[in-house]
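Below you will find one chain, with nothing else, as structure tokens; this is the form predicted on its own, and questions on how it binds or moves follow later.
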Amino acid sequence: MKKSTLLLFLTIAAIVLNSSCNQKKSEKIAFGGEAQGTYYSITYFDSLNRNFQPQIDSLLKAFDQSLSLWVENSIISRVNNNDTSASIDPLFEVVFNTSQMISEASGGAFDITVGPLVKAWGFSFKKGVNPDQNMIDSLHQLVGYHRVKLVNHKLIKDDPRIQVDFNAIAQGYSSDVIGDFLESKGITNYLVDVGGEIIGKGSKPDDKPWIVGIEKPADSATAERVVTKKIKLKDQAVATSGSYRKYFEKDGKRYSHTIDPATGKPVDHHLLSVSVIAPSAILADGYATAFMVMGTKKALEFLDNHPELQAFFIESDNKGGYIESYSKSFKTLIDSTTVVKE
């Protein structure tokens, strides 16, 4: 080897070695708090060791100002009150358009106009009145996702009494919004959990996937949470909808908080929970609700034609036990070697 070539080789090697030594190790950042009437928990890895909690808290507050029914002057509250000055922002637009897409795809099993019936049955921020059939029929006349549309940043309703409710999908989108923010800061390995609507991107530094738990259906709303499955999550989101935490009982019968838009009543089948894995948390959240309305058989038939989605169903066998069902590729996500908590 010529001396000049050897010198060049040694110089390049030194530069590469020095660059490698100067690279900072990605630090684990983890924090959580309260938002949207529930919790949020965020973990990510950042070589600059930045803590974005203040910015994320601000994002979540802005989110509520657009989409929360619990905020009196939010955009959705003003729209429901027929405030003509209410202008639709990008957050509202994304959730509305995605909701309408899921409604169309699911044959109306998902419907954002079911809000008045949700309230009547007592599953909203206002106490319900346990509606009789006459009241159900009256409110059911206001249900229909095709009866609302966006025109020039305004929500147009074909009846002013129609109200929209994003509670079955907005929380999932808040996880996506936080994820988008982290990626805008160069963070590519993160796990975002807002009230159980989870999105995991990239992996941990050892290249292992994120591991999250799916809850076993509980016997009561206050029962201890027990994990029944652990799944690997990489560049995907998961959301679970269930009837075992939110319900009421009357005359020995349990009524689910999931309202079937077709009947105006709580769903009446054996499906206790469904966990949906999708490319985004907004899709996972929305389809989890749609599948709770459809029931296991119809949902599995739907999944046969939608390979971008995967799902895990838990039904009651009416004998105190459970029946588990999966979409075709869900089993590849199940993990049995690592702990759930990260």
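Nothing here was measured: the structure is a model prediction, and the numbers come from that model. From 1 onward, residues are counted along the sequence shown.
The same protein also has a form predicted in complex with adenosine-5'-diphosphate (ADP), omitted here; what follows describes it.
Shown without its partner, this chain lists P116, G264, G242, P131 as candidates; in the model of the complex, only G242 has a non-hydrogen atom within 4.5 angstroms of adenosine-5'-diphosphate (ADP). Site annotation in the model of the complex: the residue of N80, N189, S74, N167 reaching within 4.5 Å of adenosine-5'-diphosphate (ADP) with a heavy atom is N167. Only one listed stretch (234-242, 154-162, 198-206, 90-98) carries heavy atoms within 4.5 Å of adenosine-5'-diphosphate (ADP) in the model of the complex, and that stretch is 234-242. By the criterion of a heavy atom within 4.5 Å, T258 is counted among the residues contacting adenosine-5'-diphosphate (ADP) in the model of the complex. For the chain shown alone, S275 is not a contact residue for adenosine-5'-diphosphate (ADP) in the model of the complex, no non-hydrogen atom being within 4.5 angstroms. Contact annotation: V293 falls within 4.5 Å of adenosine-5'-diphosphate (ADP) in the model of the complex, judged by heavy atom distances. adenosine-5'-diphosphate (ADP) in the model of the complex is approached by A109, whose closest heavy atom lies within 4.5 angstroms of it.
Applying a 4.5 Å heavy atom cutoff to adenosine-5'-diphosphate (ADP) in the model of the complex picks out D285, T289 from 277-292, in order along the sequence.
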